[in-house]
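The chain below stands alone and is given in structure tokens; this is the form predicted alone.
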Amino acid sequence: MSDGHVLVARQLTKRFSPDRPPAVDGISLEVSRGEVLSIVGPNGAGKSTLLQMLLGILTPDSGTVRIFGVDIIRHRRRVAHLINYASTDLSLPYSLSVRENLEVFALVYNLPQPGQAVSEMMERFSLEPLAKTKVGRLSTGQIARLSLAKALISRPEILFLDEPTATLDPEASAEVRQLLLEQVRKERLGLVYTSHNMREVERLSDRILLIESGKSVACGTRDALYGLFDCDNLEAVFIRSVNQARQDRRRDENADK
């Protein structure tokens, strides 16, 4: 793409009920190759709905999503091989071993050399000692590593992660963060992810999109958001931005009465 963006979304809106406000209301964003964009907001802000539209799983009521210039809503199959997704809500087959899980996904993605791809992921994520271990016997940290290996085995250009470290202890979270950064820099991935862990977002993100009640509140680098909200940490930015957005919404609602 001439502008250097691998993902461009414009004015995405999704409403699930005519009697309720939109779950996502006019959000736009861009992601470049090798860039980490974090989507941050309170529970119910619309993060997962936004991710599902970016993936082409949900069709927006209005707006567009383009991956490498291709409209993903109209031509998802043309770009499906360029994207992948992982979430703590998605379960891996517990009765299969670690290697068997990766072998299944290598076949699902129709990789030209599935055995080689599995071996590479096993080595990259230090999964060889667990090759024959059933997924049901893995720790949460080990499952997180396997989920990342599954998401990266198809060599996507853009990776979407929904709360990738939500169930992990600090040590396992740090390990997953490091693995993610290594892959982003090495493969020049575009990474879009959601998290409630503000320290993690500060360490991992190139830019941060703040949303509340389905609307974009602000988007920028960590330091830019510090300056915008006159704060010295992202947790304070989060609280201040959400409170300000809610006050603005109540003011607008009162003005309409």
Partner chain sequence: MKMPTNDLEGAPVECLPLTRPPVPLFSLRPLAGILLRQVYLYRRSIPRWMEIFYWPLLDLLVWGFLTLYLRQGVLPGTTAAQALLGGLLLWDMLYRSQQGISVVFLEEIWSRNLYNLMVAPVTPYHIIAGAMMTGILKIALSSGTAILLAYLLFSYSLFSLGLSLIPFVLCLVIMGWALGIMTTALILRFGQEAEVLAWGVIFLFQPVSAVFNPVSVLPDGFRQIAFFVPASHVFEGMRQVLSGRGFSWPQLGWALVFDLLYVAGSLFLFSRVLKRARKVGFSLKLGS
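No experiment lies behind these values; they were computed from the predicted model shown. Residue numbers count along the first chain shown, from 1.
The same protein also has a form predicted in complex with the partner chain, omitted here; what follows describes it.
- Contact check for 139, 179 and 183: none of the three has a heavy atom within 4.5 Å of the partner chain in the model of the complex.
- Taking non-hydrogen atoms only, residue 97 never approaches the partner chain to within 4.5 angstroms in the model of the complex.
- In the model of the complex, the partner chain sits within 4.5 Å of a heavy atom of residue 59.
- In the model of the complex, the partner chain stays beyond 4.5 Å of every heavy atom belonging to residue 113.
- Contact annotation: residue 75 falls outside 4.5 Å of the partner chain in the model of the complex, judged by heavy atom distances.
- With the partner omitted here, the stretch from 27 to 35, 49 to 57, 220 to 228, 196 to 204 that lies within 4.5 Å of the partner chain by heavy atoms in the model of the complex is 49 to 57.
- 80 is the sole member of 131, 174, 166, 80 with a non-hydrogen atom within 4.5 Å of the partner chain in the model of the complex.
- Contacts between stretch 91 to 121 and the partner chain, counted in the model of the complex as any heavy atom lying within 4.5 Å, involve 91, 92, 93, 94, 105, 108, 109, listed in sequence order.
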